[in-house]
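The chain below stands alone and is given as structure tokens, in the form predicted on its own.
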Amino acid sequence: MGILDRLRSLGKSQVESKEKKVVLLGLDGTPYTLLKQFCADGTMPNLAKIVASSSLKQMDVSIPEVSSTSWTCFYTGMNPAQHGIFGFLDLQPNSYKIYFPNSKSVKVPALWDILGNYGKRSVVINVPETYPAKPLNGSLISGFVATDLKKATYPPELLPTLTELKYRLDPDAQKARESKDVFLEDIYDVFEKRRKTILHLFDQEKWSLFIGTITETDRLHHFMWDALVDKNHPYHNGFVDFYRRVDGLIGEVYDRLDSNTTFMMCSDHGFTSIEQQVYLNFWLKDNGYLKFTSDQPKSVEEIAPGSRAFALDPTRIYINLKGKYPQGTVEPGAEYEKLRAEIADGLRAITYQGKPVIKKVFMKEDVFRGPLMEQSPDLIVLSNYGFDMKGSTNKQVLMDREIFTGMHTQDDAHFLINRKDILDKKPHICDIAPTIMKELGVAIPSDVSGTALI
């Protein structure tokens, strides 16, 4: 075999290149504390070896700490009042009608759009809030909440390859409600197809930035976090084994890097156990701030006259302002400010078995900066660990438990970069995009919220 044949057999990405590149693996919902545990106990030996010569940091993410908002902060470097994604669902202007934001709702350029302006090519796999796939200089397979692989794929010429690889967009969450065995098998199946696709495109595509995201971690955590916590749980070994598989992928990617390629990892939030689910709209209704036109309202579209506030999933509270909403009752100015303070004080007083439920209530100006402040929630609730905030409108109790055993956390995401010389501060997810831009020698836009960590 000649030298060119040997180089081809290694895959394009393993040929030493003088061009600076960045690879980022995203592990949706994987906490910093869990990675530290799995590195220490031998579950993730490949990652442990990488961490020894890298910086692994605990990271803060968006508020609210949901994937659609947080991943958009990741790939824009901007906060929600700039990029326009405040949650998985939002309100149409001047109404109570709900819609689901998607990639068309993002108001600022993505990281890969900026790199494309400099002639740099990106491969982006399975990042949430990128559906439908938009054209870019490179290739993109949309992540959650993608439903149609054709609409999730750019360029269209990539679709036959994905079909051949039997690529799947997401595990079937319904299976978790039917059988944990079947659900675990489904998670393994989706991951294996995702792994093959990531490695195939890594080797075969030309790129300066490569992003591959695993969302199966998040699905596992939501339904089976209790299996991690309890070592005697019948699915404990299945949970841990999945992370061994993830560690295998990390090793396979890292072994492909040359000396000019920077390796990063991140998550969009952390995870912890659920003690109780907490229903903000019930609390608002029970305290006289909210009324509905029916006993079992399906959404805030059934809001009744006289309502002063309502909540959207999971932690966003909106004041029913005159002039902003069709049935607005609250005057802007002093009345608005008094009501916000009153609701915030009431929420802080909620307890469960003597424990405070709410860690902090933010006013919108505490969290958001940008031209879309008018669209932002008026208050944002950050709960203490164990209390999962929900925006359901038909609950008849303040708290209960359902099928989920794990919930998101805002302050225990992770960020890793395979270099030691980074800023001595706790990263924020908005910092990752400018860090990648700086690493690739691209000018960082002046309006990004984040700061380069190198």
Partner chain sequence: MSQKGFTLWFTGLSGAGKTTLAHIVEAEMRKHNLRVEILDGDVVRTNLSKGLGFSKEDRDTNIRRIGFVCHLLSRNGVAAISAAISPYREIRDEVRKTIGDFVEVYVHCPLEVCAQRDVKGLYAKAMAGEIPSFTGVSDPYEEPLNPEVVVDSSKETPEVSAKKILKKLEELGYLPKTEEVYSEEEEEEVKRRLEELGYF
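Positions refer to the first chain, counted from 1. Computed from a prediction, not measured in an experiment: that's the story for all the values here.
From this point on, the text means the form predicted together with its partner chain, which you will not see here.
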query: Its partner chain contact in the predicted complex: residue 151, any heavy atom under 4.5 Å; finding: yes
query: Partner proximity in the predicted complex: residue 96 to its partner chain, non-hydrogen atom cutoff 4.5 Å; finding: no
query: Distance check, residue 285 to its partner chain in the predicted complex, heavy atom within 4.5 Å; finding: no
query: Touches its partner chain in the predicted complex: residue 343 (any heavy atom, 4.5 Å); finding: no
query: Candidate spot 32, 254 and 439, all three touching its partner chain in the predicted complex (heavy atom, 4.5 Å); finding: no
query: Contact residue in the predicted complex, chosen from 182, 165, 240, 89 - any heavy atom within 4.5 Å of its partner chain; finding: 89
query: Contact residue in the predicted complex, from 173, 304, 363, 199 (heavy atom within 4.5 Å of its partner chain); finding: 173
query: Partner-facing stretch of 155-163, 229-237, 351-359, 131-139, counted where any non-hydrogen atom is within 4.5 angstroms of its partner chain in the predicted complex; finding: 131-139
query: Stretch 388-427: residues contacting its partner chain in the predicted complex, 4.5 Å heavy atom cut-off; finding: 390, 404, 408
